[in-house]
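Here you'll find one protein chain in two forms, each presented separately as structure tokens under the names structure 1 and structure 2.
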Structure 1
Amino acid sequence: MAIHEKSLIEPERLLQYDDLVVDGVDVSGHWNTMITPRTLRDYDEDFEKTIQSYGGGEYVHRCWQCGSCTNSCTMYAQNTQFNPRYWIYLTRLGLKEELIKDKDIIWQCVSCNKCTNICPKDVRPEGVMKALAHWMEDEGITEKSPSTHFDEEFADQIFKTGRIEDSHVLMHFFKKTGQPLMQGWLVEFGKRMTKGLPIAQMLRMGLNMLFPPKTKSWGRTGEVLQQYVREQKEAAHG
């Protein structure tokens, strides 16, 4: 199904004439705006499969372009350039360059899942939006999002110690995203959390932050797990 939204047509392709007569018929004014044609030949036949290899994009092939996702979208109500139906359409055609034009807004999906709940073909458009965002990160088209940095830090500590030390993850997440280590909300949270705690418990928490504890007999398990995750990712995206 073709995409006809005027907002998706580049301004330079819209032709308007204040005074134009064709074959004796006055076609002046923007009511009869003309659009210059274009031909797209730069497409990737395997791009749909690439997006299907990302979590959330597995069912993009089911889309029949009914438009329910865009019609229900929270972000579309705020910005008509945010158009899940159009991006799924481009994905299925393999028009990567057209998708990249919207790289600054695709990641703005708020995961309200209205689109996924209303989709009659169970495409799970919210997942497709996330898959597209992760693809752009992997290709270096966009910078890594804060959530990606957090996921990587979380996984990295699992690989190293077999467990999670919250303060350690948070501290490294702040460093990677350029945030100050001491933030007002965090200080207040710390005060409330430690209120009434025994001194020994607070000391133990402080030591865990400096020296993250490791799961007993973890050994090479983390290295094996990390290698497995790497192989699975390469197999999926290879």
Structure 2
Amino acid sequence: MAIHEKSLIEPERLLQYDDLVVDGVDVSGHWNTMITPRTLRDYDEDFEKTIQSYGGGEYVHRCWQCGSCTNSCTMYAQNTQFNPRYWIYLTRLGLKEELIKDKDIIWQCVSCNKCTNICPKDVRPEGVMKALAHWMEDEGITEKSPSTHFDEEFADQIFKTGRIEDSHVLMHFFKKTGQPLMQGWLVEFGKRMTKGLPIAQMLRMGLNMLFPPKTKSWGRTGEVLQQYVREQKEAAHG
């Protein structure tokens, strides 16, 4: 039978052949529409451990699905698809594919911690949201958030030179996040800052921009630091 209420079904679950003849009968198009079942066929026991290895995800296994977090959630009030309780359940059973379906909203958690304050099992759902968002970034499921880009740029410069050159951080951050370099507020900021600044100071700033200074005797410190961070990450996430 033709299926008419297709709008109720996720598009990837609809199977349909444009041209199909069965026993000499033409059943092309909607006459052969089938729906693939939504059955869950397995759990992934290791996934919970993966999320627990991210900061904030440590207590996810305590959850007993009372729904207090979702009920209290700032984002849930905006969008009922934003459901920390549900994502915690999927995490616990390792239903990764279901989780990835919500990749475009999970990161929207505003860290208000209302959930943290109400959770009777002290799961700290806000931390779990953070852990999930980081896992998705690491797996390339979601793009890196602007704040992740900023953090990385910041750290990169420290590793390289042992210090921060503000203008470089900003420039690279703008580039990575696809923003124009000349932004009205920045130009205005530059203008006002340089007004009344002694020439020598201005020269030094200009030079620093062209030839970023290094912390004295930084040497291999950056490399060692970078390796330490890498090792810590590996130890946590395997």
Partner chain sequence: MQNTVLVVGGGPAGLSAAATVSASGFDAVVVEKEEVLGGAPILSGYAKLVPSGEWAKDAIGRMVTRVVDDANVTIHTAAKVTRLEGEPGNFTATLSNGETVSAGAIVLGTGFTHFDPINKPEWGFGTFEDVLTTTQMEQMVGAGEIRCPSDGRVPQRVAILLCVGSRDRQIGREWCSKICCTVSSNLAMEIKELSPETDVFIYYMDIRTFGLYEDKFYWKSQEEFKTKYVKARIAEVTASGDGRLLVKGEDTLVKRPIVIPFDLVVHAIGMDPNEDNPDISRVFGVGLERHGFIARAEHYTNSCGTTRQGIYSAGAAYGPETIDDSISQGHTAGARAVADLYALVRKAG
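Only the largest set of C-alpha atoms that superpose within 1.5 Å between the two forms is called the rigid core. Predicted model only: the values in this text are computed from it and were never measured. Counting starts at 1 and follows the sequence of structure 1.
K.L.:
Is structure 1 or structure 2 the form predicted in complex with the partner chain?
P.N.:
Pick structure 2; the other is not the form predicted in complex with the partner chain.
K.L.:
Taking the rigid core as the reference frame, is the Cα of residue 16 displaced by 2 Å or more between structures 1 and 2?
P.N.:
Yes, the C-alpha moves 2 Å or more.
K.L.:
Quick check on residue 188: with the core superposed, does its CA move 2 angstroms or more between structures 1 and 2?
P.N.:
The answer is yes; the displacement is at least 2 Å.
K.L.:
Quick one: core overlaid, is residue 198 moving 2 Å or more at the Cα between structures 1 and 2?
P.N.:
The answer is yes, as the C-alpha of residue 198 shifts between structures 1 and 2 by 2 Å or more after core alignment.
K.L.:
So, with the core fitted, how far does residue 38 move at its Cα between structures 1 and 2, in angstrom?
P.N.:
Residue 38 is displaced by 4.5 Å at its C-alpha.
K.L.:
Once both forms sit on the same core, give the Cα displacement of residue 212 between structures 1 and 2 in angstrom.
P.N.:
Shift of residue 212 at C-alpha, rigid core superposed: 2.8 Å.
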